[in-house]
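Just one chain is shown here, as structure tokens, and it is the form predicted alone.
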Amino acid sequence: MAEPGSSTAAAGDGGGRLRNAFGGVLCAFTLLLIGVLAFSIRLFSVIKYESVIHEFDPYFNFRVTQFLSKNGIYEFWNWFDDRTWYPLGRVIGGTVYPGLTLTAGTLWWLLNSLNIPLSVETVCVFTAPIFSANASWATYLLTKEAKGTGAGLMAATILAMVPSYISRSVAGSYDNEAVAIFALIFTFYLYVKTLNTGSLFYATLNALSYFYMVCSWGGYTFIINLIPMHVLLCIVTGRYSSRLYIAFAPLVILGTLLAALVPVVGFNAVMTSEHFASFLVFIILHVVALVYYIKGLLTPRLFKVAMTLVISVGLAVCFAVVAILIALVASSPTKGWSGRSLSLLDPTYASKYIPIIASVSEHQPPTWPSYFMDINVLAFLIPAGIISCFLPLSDASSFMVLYLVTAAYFSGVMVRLMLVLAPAACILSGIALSEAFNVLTRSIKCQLAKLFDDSPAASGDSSAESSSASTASTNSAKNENRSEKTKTIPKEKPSKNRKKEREVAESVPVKHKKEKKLLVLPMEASAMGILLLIVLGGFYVVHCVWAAAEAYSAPSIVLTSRSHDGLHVFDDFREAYAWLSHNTDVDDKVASWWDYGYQTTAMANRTVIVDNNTWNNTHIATVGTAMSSPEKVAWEIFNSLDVKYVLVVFGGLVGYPSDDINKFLWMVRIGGGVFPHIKEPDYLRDGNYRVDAQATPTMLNCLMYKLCYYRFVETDGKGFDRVRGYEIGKKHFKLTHFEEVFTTHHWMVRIYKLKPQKNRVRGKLKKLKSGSKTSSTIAAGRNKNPWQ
């Protein structure tokens, strides 16, 4: 016959299993809702506008994905694109991060294999929202490893809506970051998972996830520097373990070998300074592992002797490696660092030496309002999350803090890297909110228990406790009698042991109760705290929805504005590209500033001189010099490049601020960096950039000024520029070497054609008519086509 105690325990185990099963189902359902939220909040761009690719770089990615889906993977790797960087061209397979393209191409192939006939453009538009849901689930896994399920769910919910991530993952934002942020978070999760379990299986998956990150984005260098920093931190703080070795060593070896397989990375995985930190920490880790191994084999005396030997050899090896690295670094003019990496380490480097990097708006340092716009109330929750990570401090929580600190620094250097800060901010904020809700709800629960704890219940509880105590004493007496029959043990020792055990058992609950009393808050304070957290979360949700619907959903290819007479749509970009596609020859070359190269190639299918890849600074400087030069000199430069059309973007009529006039000083700086005769002070009046009557003659006579303001005075009779806020300086002029062929409806895009040489010298021929007719006849005879 079963004892009552065993049946009660079985019932308790069954209830616990049922509770755990219900909790697992609820957690899975919550994660599903988080994924739906992350996907749906990014669809405002499709709902309000249309299913269209956004920005500039996504158009190149879309064009590459089209080529991949049409021609296959092998043709993609060997694709030489003669439509870009004329006359140089570009090898696409060796100069692009293929992760995004291969991911979208695989999705398109799978959907079509399942008889779901979606176009390549549709798949590209919705790739970013799909992977935002994946990123939310990866955030849950990462935070769960550090602080439990509650914190993981909270962090995943926050990341699904954070504006910083929405800005790069709305529907239509088909850029590398669309899949790279998921790869970043998932790599960190597998690293922390390996730290907690010591599993070689997760270590291998970590290396594969790192490989996917390398394929997707150049920001993979953040991973291969952050993880070594954490490993070194663990070693210095005395937290070395075999789990740490398993988590890091396979990542360095296998991850580096896999990274070298990506054509755009190649031997840079072992030859550039961005990767040297991992190799140095790899050596230090092995030295520490050897020391711990020897310590387990030898006596303390022999261990000291061996330590001296190991340290001496280790220092010698480290010095040798450092010397080799210094030699390799010294041989490079940039000390083995790329220009973008140097601009991160030294925020003034790009503005001094590489203006092409400094000219990109997303490479500028952020302002304080940018933080409140992109992470909002999370900025106030992060400090509480940091404190929670230290209570208690573990390998996983220390990694979260280190991730936040480094990401916060890099986000302060480059506004684009706010995207890297967003997951860390969400994780720390989720931890803070989870801990706060735990304390507040537990406090309310304890206070309610005291409130409903009346005297009859108390007496009943005391009688139950006394009866259970008597039952326990009876059972213990029976067990003692059985032990006396089977074993011969003196009576004094068991009594002393039982007395000590009873003292320990009594002291532990008292201590536990004291600790719980310290965490119990008054009922009113707990209720007020929960209410404030809910209100804070409400403000965050409202801000995120507004950012997703208004701030980050408008595609740059189609612009809108509201006024007293309703909504205005500016579709000038697509109008201009459609004109180029239908009214120019397929082999015609189009010159413009590099911002519009990708769109011109993808939407107009015309050859461009420069584009957004910016791999050849001299070629871009040549275009900048042409735009900064007088009309005749610019014609000669463009004619030498076989250019037939020149495209400029002008916003003076409608008030569009991101036009070429506002970008013009960067053209001057980049051109002057290669061609010294272009000097920025020549375009400034007393250090100020002006296009009004106070502008310098060099500015008023350059090609960019003429192409933008040609016939502009005809619009209002005054030539008032709405962006700059004043009337232009030179209003009435004619073009001698270029002719206007197309201007869009709102004057935002203007296209000019180079005049042929015979038109350019017609004026000189007229002057020669007063000369001898014989010489003109001879000249005409020479110019006559002998084949006619």
Partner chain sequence: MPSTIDRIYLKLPSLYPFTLLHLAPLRTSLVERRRIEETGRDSGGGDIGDLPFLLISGYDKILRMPRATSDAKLLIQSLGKAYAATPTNLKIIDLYVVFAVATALIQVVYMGIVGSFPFNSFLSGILSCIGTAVLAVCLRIQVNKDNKEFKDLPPERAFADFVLCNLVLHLVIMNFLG
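Given the structure is predicted, the values throughout are model-derived calculations rather than measurements. Residue numbers count along the first chain shown, from 1.
Although not depicted, the form predicted together with its partner chain is the subject of the following passage.
Taking the partner from the other structure, its partner chain in the model of the complex has a heavy atom within 4.5 Å of a heavy atom of L261. Proximity of H286 to its partner chain in the model of the complex: non-hydrogen atoms within 4.5 Å are present.
Its partner chain is not shown here, and in the model of the complex it never comes within 4.5 Å of any heavy atom of G93. In the model of the complex, its partner chain lies farther than 4.5 Å from every heavy atom of S167.
Looking at 523 to 531, 125 to 133, 192 to 200, 656 to 664, the stretch with residues near its partner chain in the model of the complex, meaning non-hydrogen atoms within 4.5 angstroms, turns out to be 192 to 200. When you look in the model of the complex, the only residue of L233, V317, V674, I253 with a non-hydrogen atom within 4.5 Å of its partner chain is I253. The single contact residue among L302, V545, L280, L448, judged by any heavy atom lying within 4.5 Å of its partner chain in the model of the complex, is L302. In sequence order, L208, S241, S242, R243, Y245, I246 are the residues of 207 to 246 having a heavy atom within 4.5 Å of its partner chain in the model of the complex; the partner itself is omitted from this view.
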